[in-house]
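To begin, one chain is listed below as structure tokens, in the form predicted alone.
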């Protein structure tokens, strides 16, 4: 942001989420939802809230009227066509506002005048004057828009703008209604208008760009460079067809690149993410993951190269801090592209400090897991590392497991174990796949332990979640409990069962070590010396 903010460099933010945004097919909001969105827009510093199109329906009128009553800081605007009924209805809707605006519009392009209005240019010019004049009966804050302005002949556009200002319009909007223009062209158009229209200095120029070619934000900012001091935009860029310029993007572009866009707004950028989530929730329009500023991945890094850079200095891959837009912190997303440094950092965050060999083994297993799962959560890593620590000294390790299950029993399991460095394989059947697995383990490692507990739960959400299995075995009145985790529930079951057996092996060894030699004779701790 500039140190000394000049009012001449301030860009007014006109939010049309509740009007143009709600015109997105499927984005209709309830009355209460509109009030909630309007309240947040007012709180975050939006200058003008276009609350709706009052003549469109009784619901739209009621929403504009109630928002006009409640809004404390922002100007509340209603949209009206050039007809008298539209303007009168709009004037009535905004009447309770501390500061109200009527936004009236009329098509000016040849294609619109011929096919939509079916009127001659001189008739359109008369309608511009009449509509602005009538709107001035209700408020001295009148905005006039040249619908399809970017496809309007320049000579006629200049005549319309001059007439609208002379009739009392204080804001002149030249919308790119169909998302047709490009930045250089939009910039030049505003320069042309400011140079050719005699009374251009008596009104504020506004940009309203649609995103049909993906240039709504770029065009809006080009307009600012050409003299525009109001940008019409929506939260998350919602709106007709491909949407409008996204409010969060134009605000942050000026804030981050103030060196080349030396302008400022009154919007509190730390509320952008909150506003994005609210609008997404009330419209049921999800925000694409890679959406600029407010997308889920906007401050997330999975690539090992990027994560390594971020750990060394956040400026290597982030041009703004997440806090400036209301995100708590950067997210190092753990996935198949993550590197060792990020994995080690994540483990330390989770409270694990592994030896070099344990870290390497855990990293290999993490990579294997990441290849099988789309999302690797902290809980997945904790389960993986807990198992790594538990099995690092195991004498018996799972090598491979194949299970045949289904309605046509009996179910069978083919199991290969590493037993003190030697691989042994067996095939067993059972009453269900888990029983078959445990029978296979028992065939390779005979024991008298009794299964007291077998419990399964998902570590994380989703159908690809890791399963965590808990097993409790009892032998000679003593019990051991162990866990195993894997996206495959049956593999997790085998791991848990083997982990419990390994604990029993360790316990037996400790019991044997409790025997001592006294005077050349082996004496057990239970003997009398």
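Residue numbers count along the first chain shown, from 1. Predicted model, so just to flag it, every value in this text is computed and none were measured.
Not on display, but discussed next: the form predicted together with a small molecule.
Asks: Can you work out which of 361, 249, 141, 147 has a heavy atom no more than 4.5 Å from the small molecule in the predicted complex?
Replies: Answer to the contact question: 147.
Asks: Can you pick out, from 131, 338, 177, 181, the residue that has a heavy atom within 4.5 Å of the small molecule in the predicted complex?
Replies: Flagged contact: 177.
Asks: Would you point out which of 450-458, 118-126, 102-110, 361-369 contains residues with a non-hydrogen atom within 4.5 Å of the small molecule in the predicted complex?
Replies: Checking each option against the 4.5 Å cut-off leaves 102-110.
Asks: Against the small molecule in the predicted complex, would residue 171 count as a contact residue? Criterion: heavy atoms within 4.5 Å.
Replies: Outside the cut-off, so no.
Asks: Within a 4.5 Å heavy atom cut-off, is residue 79 in contact with the small molecule in the predicted complex?
Replies: Residue-level check for residue 79: yes, a contact with the small molecule.
Asks: Would you classify residue 22 as touching the small molecule in the predicted complex, given a 4.5 Å non-hydrogen atom cut-off?
Replies: No, residue 22 sits far enough from the small molecule in the predicted complex that none of its heavy atoms falls within 4.5 Å.
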